[in-house]
Ligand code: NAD
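Only one chain is given next, in structure tokens, and it is the form predicted on its own.
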Amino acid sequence: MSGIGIGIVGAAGRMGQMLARESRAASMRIVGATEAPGSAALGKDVGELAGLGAIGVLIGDDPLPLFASADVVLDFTAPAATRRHAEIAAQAKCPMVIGTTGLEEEDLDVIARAAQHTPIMRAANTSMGVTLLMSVIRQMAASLDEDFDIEIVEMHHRLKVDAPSGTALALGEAAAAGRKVKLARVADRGRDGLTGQRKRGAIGFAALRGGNVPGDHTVIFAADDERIEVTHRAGNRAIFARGALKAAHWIQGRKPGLYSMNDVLGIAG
């Protein structure tokens, strides 16, 4: 992996700092780093901020030079920022790895248009374990009929601002794809008060928040007299950074297009 120059947008955030730390183990060079205008991190050395010691790369607020100089840019920011970054990536023909969650349809449309001009890998969760879990859930949902109710439970740290998590929704999409239905038609994202009986075929979501949990996800298939539970627990955000850096290596030399972690790991479907 040596020789790949990465740019990190949102470099002062939790994931930005983790990407910086893990880049050393992946033998990648940080060639640029940015933060939002007004951030207290502006002008600081990204290596020092991440606990690596000074590396001579100062955090700026202009992403244009970063996209012009990097071999690939990694983005774990916020939807509005990611939209702008995707448009810049398209102009600069710079490959991009996106791990931003909370993206709406309009955000995805912008990313898809940008991917017509440069390769972009987007995933709600860049963990290799979660990528495999999604594949398994799709197969299970295809094999188990609607006698098995599907419920997805996720827990994250108290600072997370979107719910259900992007990973939980992606797991819901995988289950819906296995049953050949649209998640929007069968999703049940909130129960409170007298909700009536559970609808057959629904895919339910429950979101828990507390502490500093990086991310726990459980998919439950519940039928009369039997229940299957499949769980992934993230012990450290480093797993997301490692997957993203693996994707950054994989995307080098790819044709323009929108890719997923399935592509990175060679998982069919």
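From 1 onward, residues are counted along the sequence shown. Note that the structure is a prediction, hence the values are computed from the model and not measured.
Separately, the form predicted together with the ligand exists; it is not shown, and the next lines address it.
- Remark: of stretches 204-212, 50-58, 34-42, 219-227, the one touching the ligand in the model of the complex is 34-42 (heavy atom within 4.5 Å).
- Shown alone here, A123 lies within 4.5 Å of the ligand in the model of the complex, counting heavy atoms only.
- Taking the partner from the other structure, the ligand in the model of the complex has a heavy atom within 4.5 Å of a heavy atom of T100.
- Contact between K160 and the ligand in the model of the complex is found at the 4.5 Å heavy atom cutoff.
- Of the heavy atoms in R14, some are within 4.5 Å of the ligand in the model of the complex.
- Think of it this way: in the model of the complex, the ligand has a heavy atom of just one of A81, A177, L144, V136 within 4.5 Å, and the residue is A81.
- Along 72-88, these residues reach a heavy atom to within 4.5 Å of the ligand in the model of the complex: F76, T77, A81, H85.
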